[in-house]
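We begin with a single chain expressed as C-alpha coordinates, specifically the form predicted on its own.
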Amino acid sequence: MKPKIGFIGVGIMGYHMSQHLMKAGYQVIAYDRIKAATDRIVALGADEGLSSKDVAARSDVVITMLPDSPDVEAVALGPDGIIEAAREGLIYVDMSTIAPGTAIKVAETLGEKGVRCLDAPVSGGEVGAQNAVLSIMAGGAADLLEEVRPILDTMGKTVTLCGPAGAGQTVKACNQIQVALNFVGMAEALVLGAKAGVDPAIIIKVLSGGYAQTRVMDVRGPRAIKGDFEPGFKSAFHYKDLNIIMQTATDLHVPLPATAVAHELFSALMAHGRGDLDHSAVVTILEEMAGVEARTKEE
(Lines give C-alpha, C1' and ligand atoms only; values in the text may rest on other atoms or scores of the structure.)
Protein backbone atom coordinates (compact mmCIF):
# COMPACT_ATOMS: atom_id res chain seq x y z
CA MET A 1 0.00 0.00 0.00
CA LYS A 2 1.34 3.40 -0.97
CA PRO A 3 2.03 5.85 1.86
CA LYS A 4 -0.21 8.86 2.38
CA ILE A 5 1.65 12.03 1.45
CA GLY A 6 1.13 15.40 3.05
CA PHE A 7 2.20 18.31 0.82
CA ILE A 8 2.62 21.70 2.47
CA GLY A 9 3.24 24.62 0.10
CA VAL A 10 1.36 24.15 -3.16
CA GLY A 11 2.37 27.34 -4.94
CA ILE A 12 4.19 27.65 -8.29
CA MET A 13 6.32 24.54 -7.76
CA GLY A 14 4.31 22.52 -5.27
CA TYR A 15 1.17 22.70 -7.40
CA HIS A 16 2.80 20.74 -10.21
CA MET A 17 4.78 18.42 -7.94
CA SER A 18 1.72 17.34 -5.97
CA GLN A 19 -0.17 16.70 -9.21
CA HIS A 20 2.52 14.22 -10.30
CA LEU A 21 2.16 12.41 -7.00
CA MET A 22 -1.59 12.10 -7.45
CA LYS A 23 -1.19 10.87 -11.02
CA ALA A 24 1.17 8.19 -9.68
CA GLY A 25 -1.57 6.95 -7.38
CA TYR A 26 -0.59 8.57 -4.09
CA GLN A 27 -3.21 10.04 -1.79
CA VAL A 28 -2.16 13.65 -1.20
CA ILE A 29 -3.24 15.82 1.71
CA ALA A 30 -2.49 19.42 0.70
CA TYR A 31 -2.15 22.59 2.71
CA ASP A 32 -1.00 26.12 1.94
CA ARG A 33 -1.31 29.24 4.05
CA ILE A 34 -2.91 30.84 0.99
CA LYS A 35 -6.34 29.21 0.90
CA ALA A 36 -6.76 29.71 -2.86
CA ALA A 37 -3.65 27.63 -3.49
CA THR A 38 -5.01 24.81 -1.35
CA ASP A 39 -8.39 25.02 -3.08
CA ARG A 40 -6.79 24.78 -6.52
CA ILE A 41 -5.08 21.46 -5.83
CA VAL A 42 -8.03 20.10 -3.83
CA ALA A 43 -10.16 20.71 -6.92
CA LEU A 44 -7.88 18.24 -8.74
CA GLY A 45 -8.39 15.49 -6.20
CA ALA A 46 -6.18 16.23 -3.19
CA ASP A 47 -7.60 16.07 0.33
CA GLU A 48 -7.61 19.38 2.19
CA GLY A 49 -5.30 19.85 5.14
CA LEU A 50 -6.29 22.36 7.80
CA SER A 51 -2.82 23.11 9.17
CA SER A 52 0.71 21.78 9.13
CA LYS A 53 -0.04 19.79 12.28
CA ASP A 54 -3.19 18.36 10.73
CA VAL A 55 -1.33 17.32 7.57
CA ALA A 56 1.41 15.61 9.58
CA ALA A 57 -1.09 13.79 11.76
CA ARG A 58 -2.84 12.32 8.70
CA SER A 59 0.25 11.48 6.62
CA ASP A 60 3.01 8.90 6.47
CA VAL A 61 5.34 11.22 4.56
CA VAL A 62 5.24 15.02 4.74
CA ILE A 63 6.77 17.10 1.94
CA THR A 64 7.24 20.85 2.16
CA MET A 65 7.93 23.30 -0.67
CA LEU A 66 8.23 26.71 0.96
CA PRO A 67 9.82 30.08 0.17
CA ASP A 68 12.56 30.49 2.79
CA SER A 69 14.25 29.25 5.96
CA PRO A 70 11.90 31.02 8.42
CA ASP A 71 8.89 29.48 6.64
CA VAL A 72 10.32 25.97 6.95
CA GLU A 73 11.24 26.50 10.58
CA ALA A 74 7.73 27.79 11.37
CA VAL A 75 5.98 24.93 9.55
CA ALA A 76 8.26 22.25 10.96
CA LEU A 77 8.90 23.48 14.49
CA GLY A 78 6.41 26.27 15.22
CA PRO A 79 2.97 26.32 16.84
CA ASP A 80 0.50 24.05 15.06
CA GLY A 81 3.47 22.72 13.10
CA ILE A 82 4.70 19.29 12.11
CA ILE A 83 6.47 18.86 15.44
CA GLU A 84 3.11 18.83 17.23
CA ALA A 85 2.16 15.66 15.33
CA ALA A 86 5.67 14.18 15.41
CA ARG A 87 5.92 10.45 16.06
CA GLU A 88 8.07 7.42 15.38
CA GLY A 89 7.77 6.40 11.73
CA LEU A 90 6.85 9.81 10.32
CA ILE A 91 9.06 10.91 7.42
CA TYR A 92 9.70 14.56 6.60
CA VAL A 93 11.16 15.65 3.25
CA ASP A 94 11.81 19.37 2.82
CA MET A 95 12.18 20.27 -0.86
CA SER A 96 12.47 24.03 -0.26
CA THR A 97 15.72 25.92 -0.78
CA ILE A 98 16.88 27.08 2.64
CA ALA A 99 20.04 27.64 4.66
CA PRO A 100 21.99 24.42 5.38
CA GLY A 101 22.08 25.33 9.07
CA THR A 102 18.29 25.51 9.22
CA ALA A 103 18.00 22.11 7.53
CA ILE A 104 20.33 20.61 10.14
CA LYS A 105 18.42 22.24 13.02
CA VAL A 106 15.06 20.96 11.75
CA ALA A 107 16.42 17.43 11.19
CA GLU A 108 17.97 17.28 14.65
CA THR A 109 14.91 18.70 16.44
CA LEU A 110 12.38 16.48 14.68
CA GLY A 111 14.78 13.56 14.98
CA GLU A 112 14.49 13.80 18.76
CA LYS A 113 10.77 13.05 18.29
CA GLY A 114 11.42 10.02 16.09
CA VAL A 115 10.86 11.75 12.74
CA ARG A 116 13.28 10.80 9.95
CA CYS A 117 14.23 13.78 7.82
CA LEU A 118 15.69 14.58 4.41
CA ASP A 119 16.53 17.96 2.96
CA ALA A 120 15.89 17.55 -0.76
CA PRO A 121 15.97 20.87 -2.62
CA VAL A 122 15.39 20.90 -6.36
CA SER A 123 16.68 22.55 -9.51
CA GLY A 124 14.76 22.96 -12.74
CA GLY A 125 12.25 25.70 -11.99
CA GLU A 126 8.59 25.65 -12.90
CA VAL A 127 9.26 23.95 -16.24
CA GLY A 128 11.08 21.14 -14.47
CA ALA A 129 8.23 20.81 -11.97
CA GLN A 130 5.63 20.72 -14.75
CA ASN A 131 7.48 18.01 -16.66
CA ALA A 132 8.63 16.01 -13.62
CA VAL A 133 12.29 16.39 -14.60
CA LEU A 134 13.60 18.17 -11.52
CA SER A 135 17.11 17.53 -10.27
CA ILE A 136 16.76 16.56 -6.62
CA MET A 137 19.75 16.79 -4.26
CA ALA A 138 19.27 15.07 -0.92
CA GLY A 139 20.87 15.34 2.49
CA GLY A 140 20.26 12.65 5.09
CA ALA A 141 20.48 8.90 5.62
CA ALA A 142 21.04 6.72 2.55
CA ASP A 143 18.47 4.13 3.61
CA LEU A 144 15.81 6.82 4.06
CA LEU A 145 16.50 8.19 0.61
CA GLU A 146 16.04 4.73 -0.89
CA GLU A 147 12.77 4.35 1.01
CA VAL A 148 11.34 7.57 -0.43
CA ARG A 149 13.04 7.35 -3.83
CA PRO A 150 9.86 6.08 -5.57
CA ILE A 151 8.09 9.23 -4.34
CA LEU A 152 10.88 11.54 -5.47
CA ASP A 153 11.14 9.76 -8.82
CA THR A 154 7.59 10.85 -9.65
CA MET A 155 8.72 14.49 -9.48
CA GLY A 156 12.30 14.41 -10.68
CA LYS A 157 14.62 13.03 -13.32
CA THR A 158 17.69 12.68 -11.12
CA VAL A 159 17.83 12.05 -7.39
CA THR A 160 21.28 12.23 -5.78
CA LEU A 161 22.40 11.67 -2.20
CA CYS A 162 24.82 14.48 -1.41
CA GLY A 163 25.71 13.60 2.17
CA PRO A 164 24.28 13.96 5.69
CA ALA A 165 21.61 16.44 6.80
CA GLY A 166 22.21 19.86 5.24
CA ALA A 167 24.30 18.52 2.35
CA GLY A 168 21.42 18.77 -0.09
CA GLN A 169 21.03 22.45 0.75
CA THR A 170 24.77 23.02 0.40
CA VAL A 171 24.77 21.52 -3.09
CA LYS A 172 21.70 23.60 -3.98
CA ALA A 173 23.64 26.70 -2.90
CA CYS A 174 26.45 25.65 -5.24
CA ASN A 175 23.89 25.20 -8.00
CA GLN A 176 22.49 28.68 -7.46
CA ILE A 177 25.97 30.20 -7.63
CA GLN A 178 26.51 28.66 -11.06
CA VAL A 179 23.04 29.63 -12.32
CA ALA A 180 23.38 33.24 -11.14
CA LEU A 181 26.78 33.61 -12.78
CA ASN A 182 25.42 32.11 -16.00
CA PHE A 183 22.64 34.71 -16.04
CA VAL A 184 25.06 37.55 -15.34
CA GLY A 185 27.48 36.27 -18.00
CA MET A 186 24.71 36.06 -20.59
CA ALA A 187 23.49 39.53 -19.64
CA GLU A 188 26.94 41.08 -19.99
CA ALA A 189 27.49 39.40 -23.36
CA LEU A 190 24.14 40.62 -24.70
CA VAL A 191 24.60 44.18 -23.44
CA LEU A 192 28.15 44.48 -24.77
CA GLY A 193 27.09 43.15 -28.16
CA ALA A 194 24.00 45.36 -28.32
CA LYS A 195 26.05 48.43 -27.41
CA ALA A 196 28.34 47.61 -30.34
CA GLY A 197 25.32 47.32 -32.64
CA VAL A 198 25.07 43.54 -33.00
CA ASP A 199 21.64 41.92 -33.08
CA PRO A 200 21.17 40.04 -29.77
CA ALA A 201 19.54 37.15 -31.66
CA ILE A 202 22.81 36.66 -33.54
CA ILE A 203 24.73 36.67 -30.27
CA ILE A 204 22.47 33.98 -28.81
CA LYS A 205 22.72 31.89 -31.98
CA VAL A 206 26.52 31.99 -32.13
CA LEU A 207 27.17 31.53 -28.41
CA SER A 208 24.68 28.65 -28.23
CA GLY A 209 26.66 26.76 -30.85
CA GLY A 210 29.98 26.89 -29.06
CA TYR A 211 31.75 26.53 -25.74
CA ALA A 212 29.70 29.35 -24.20
CA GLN A 213 26.47 27.36 -24.54
CA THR A 214 24.51 26.88 -21.29
CA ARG A 215 21.05 25.67 -20.39
CA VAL A 216 20.34 29.19 -19.07
CA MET A 217 20.99 30.56 -22.55
CA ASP A 218 18.97 27.83 -24.26
CA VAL A 219 15.89 28.28 -22.06
CA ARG A 220 15.87 31.98 -21.20
CA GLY A 221 18.04 33.65 -23.85
CA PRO A 222 15.39 33.75 -26.63
CA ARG A 223 12.84 35.13 -24.16
CA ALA A 224 15.18 37.71 -22.67
CA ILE A 225 15.98 39.29 -26.03
CA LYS A 226 12.24 39.69 -26.61
CA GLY A 227 11.80 41.37 -23.24
CA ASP A 228 9.80 38.41 -21.95
CA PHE A 229 10.54 38.13 -18.24
CA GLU A 230 7.48 36.11 -17.23
CA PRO A 231 8.89 34.15 -14.30
CA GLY A 232 9.93 30.54 -14.45
CA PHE A 233 11.84 31.36 -11.27
CA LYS A 234 11.35 34.78 -9.69
CA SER A 235 14.31 37.11 -9.21
CA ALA A 236 13.24 37.59 -5.58
CA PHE A 237 13.69 33.88 -4.93
CA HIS A 238 17.15 33.82 -6.51
CA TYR A 239 18.09 36.90 -4.48
CA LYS A 240 16.97 35.01 -1.37
CA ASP A 241 19.19 32.11 -2.41
CA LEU A 242 22.13 34.46 -2.95
CA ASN A 243 21.62 35.85 0.55
CA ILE A 244 21.80 32.29 1.89
CA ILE A 245 24.93 31.65 -0.16
CA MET A 246 26.72 34.77 1.05
CA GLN A 247 25.85 34.05 4.69
CA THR A 248 26.99 30.43 4.34
CA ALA A 249 30.22 31.60 2.73
CA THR A 250 30.78 34.01 5.62
CA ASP A 251 30.14 31.25 8.16
CA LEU A 252 32.62 28.94 6.41
CA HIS A 253 35.18 31.69 5.64
CA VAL A 254 34.99 31.04 1.88
CA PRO A 255 35.62 33.97 -0.50
CA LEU A 256 33.08 34.20 -3.35
CA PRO A 257 34.09 37.35 -5.26
CA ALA A 258 32.14 36.67 -8.46
CA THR A 259 29.04 35.62 -6.52
CA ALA A 260 29.29 38.85 -4.52
CA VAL A 261 28.98 40.83 -7.77
CA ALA A 262 25.97 38.75 -8.82
CA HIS A 263 24.46 39.35 -5.39
CA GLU A 264 24.79 43.11 -5.80
CA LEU A 265 23.23 43.03 -9.28
CA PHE A 266 20.27 41.08 -7.95
CA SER A 267 20.08 43.51 -5.04
CA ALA A 268 19.76 46.33 -7.58
CA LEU A 269 17.02 44.34 -9.32
CA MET A 270 15.12 44.19 -6.03
CA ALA A 271 15.67 47.91 -5.42
CA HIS A 272 14.07 48.60 -8.80
CA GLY A 273 10.99 46.62 -7.82
CA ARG A 274 11.58 43.74 -10.26
CA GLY A 275 11.53 40.84 -7.84
CA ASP A 276 8.50 39.27 -9.50
CA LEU A 277 10.28 39.06 -12.87
CA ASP A 278 12.27 36.03 -14.01
CA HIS A 279 15.90 35.95 -12.85
CA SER A 280 16.95 36.59 -16.46
CA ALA A 281 15.72 40.15 -15.83
CA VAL A 282 19.11 40.89 -14.27
CA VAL A 283 20.01 41.96 -17.84
CA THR A 284 17.81 45.04 -17.37
CA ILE A 285 20.13 46.42 -14.68
CA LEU A 286 23.14 46.16 -17.00
CA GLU A 287 21.11 47.63 -19.86
CA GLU A 288 20.34 50.70 -17.79
CA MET A 289 23.95 51.06 -16.70
CA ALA A 290 25.11 50.89 -20.33
CA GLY A 291 22.26 52.96 -21.79
CA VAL A 292 21.22 50.26 -24.27
CA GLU A 293 18.50 47.62 -24.66
CA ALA A 294 19.68 44.14 -25.58
CA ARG A 295 16.51 43.42 -27.53
CA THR A 296 15.88 42.03 -30.98
CA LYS A 297 13.93 44.66 -32.91
CA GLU A 298 10.56 43.46 -34.18
CA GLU A 299 10.30 43.51 -37.97
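Since the model is a prediction, treat every value here as computed from it, not as a measurement. One rule holds for the numbers: they count along the sequence shown, beginning at 1. For clarity, a rigid core is taken as the largest C-alpha set superposing within 1.5 Å between two forms.
What comes next is about the form predicted together with a further copy of the same chain, which does not appear here.
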Notebook entry, point to check: Tell me which of 42-50, 267-275, 57-65, 244-252 has residues with heavy atoms within 4.5 angstroms of a further copy of the same chain in the predicted bound form?
Noted result: 244-252
Notebook entry, point to check: Which one, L145, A132, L181, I83, lies within 4.5 Å of a further copy of the same chain in the predicted bound form by heavy atoms?
Noted result: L181
Margin query: Just checking whether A189 would be counted as a contact of a further copy of the same chain in the predicted bound form - the rule being heavy atoms within 4.5 angstroms.
Written below: yes
Note to self: Is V127 part of the interface with a further copy of the same chain in the predicted bound form - any heavy atom within 4.5 Å?
What the structure shows: no
Margin query: With the partner left out here, check for me: in the predicted bound form, does some heavy atom of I34 sit within 4.5 Å of a further copy of the same chain?
Written below: no
Check: According to a 4.5 angstroms non-hydrogen atom cut-off, is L286 in contact with a further copy of the same chain in the predicted bound form?
Finding: yes
Note to self: Just to make sure I understand: among 152-183, which residues lie within 4.5 Å of a further copy of the same chain in the predicted bound form, judging by heavy atoms?
What the structure shows: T160, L161, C162, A167, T170, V171, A173, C174, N175, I177, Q178, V179, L181, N182, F183
Item checked: Core-superposed comparison between this form and the one not shown, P222 Cα displacement 2 Å or beyond -> yes
Notebook entry, point to check: Quick one: core overlaid, is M186 moving 2 Å or more at the Cα between this form and the one not shown?
Noted result: yes
